[in-house]
Ligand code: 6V0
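In the form predicted on its own, a lone chain appears below as structure tokens.
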């Protein structure tokens, strides 16, 4: 049951009055993360309502939830940023950059001074570029500012491959890579099941790989077209990453992190722990994937250059 004392760890959810932020905050409570979860939003009434509602779910769990301020958020252990302009049906994520740049810059300014050991988890889109912007504006080391990246896309991929192979999604090791956007691609050459290449699995023979890749890339657009926004999937992803940061799990996730080899923030596997990015990985790609990776990196760098 919920403790009468305040948990030692604090997680702030900026934009918590909206669907994505509320889903992340609820997931933190439902997963039993022992933390004080702050709902922070420029719309005070929305933040209050979400905090009151989510706090009703906390009586069975060790975490607690309340409304918080931007100053309190800046002193949190983990800061999840979900605030920003909403993606419209059919709109590419790249269109959101200009609208969200000012929002993210304002958020970082409002939280100053930010706790030196804080970790920032960006969820707002386009997340690769906004993570770059958030790191510059926050002043924190690149290892402490990450983004949700292709974590959710990779989960969608694993679900799809699980349906084909009959193997649990958690045992399918495959990633969507490069950019959380229209330039993402499936890392087929590095995908594995049981230590063996995924494409050697008998049930993968004759499968339309391009069709799977397109299905994964289009799923968010399908959801947005049907109900206006996506929030449950990304909510659980954000909560899982926050949990890894707090508990120092060193689990490997395909998140937005600064990859020195390519000299930019991009969606790429990294081990996540108490210090943020604990280890980076050089994922092997074939010639076709390398070309797609180059396209993704170029697009990210060109977008980021406008805000340096």
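Keep in mind that this is a model prediction, so the values were computed, not measured. Numbering follows the first chain given and starts at 1.
Unshown form predicted in complex with the ligand; subsequent notes refer to it.
K.L.:
Which of these stretches, 113 to 121, 199 to 207, 186 to 194, 224 to 232, has heavy atoms within 4.5 Å of the ligand in the model of the complex?
P.N.:
Heavy-atom contact with the partner occurs in 224 to 232.
K.L.:
With a 4.5 Å heavy atom cut-off, would you call residue 274 a contact of the ligand in the model of the complex?
P.N.:
Heavy-atom contact with the ligand at 4.5 Å: absent for residue 274.
K.L.:
Is residue 14 one of the residues lying within 4.5 Å of the ligand in the model of the complex, judged by heavy atom distances?
P.N.:
Yes, residue 14 is a contact residue.
K.L.:
Answer for residue 173 alone: is it within 4.5 Å of the ligand in the model of the complex, judged on heavy atom distances?
P.N.:
Result no; residue 173 lies far from the ligand in the model of the complex.
K.L.:
Quick one: does residue 20 come within 4.5 Å of the ligand in the model of the complex, counting heavy atoms only?
P.N.:
Yes, residue 20 sits close enough to the ligand in the model of the complex that at least one of its heavy atoms falls within 4.5 Å.
K.L.:
Considering the ligand in the model of the complex, which of 160, 133, 96, 78 comes within 4.5 Å of it through any heavy atom?
P.N.:
If I apply the 4.5 Å criterion carefully, the residue I get is 96.
K.L.:
Any chance all of 154, 179 and 259 sit within 4.5 Å of the ligand in the model of the complex, going by non-hydrogen atoms?
P.N.:
No, because 154, 179 and 259 lack any heavy atom that approaches the ligand to within 4.5 Å in the model of the complex.
K.L.:
Would you give me the residues of 20 to 51 that have any heavy atom within 4.5 Å of the ligand in the model of the complex, in order from first to last?
P.N.:
Result: 20, 21, 41, 42, 43.
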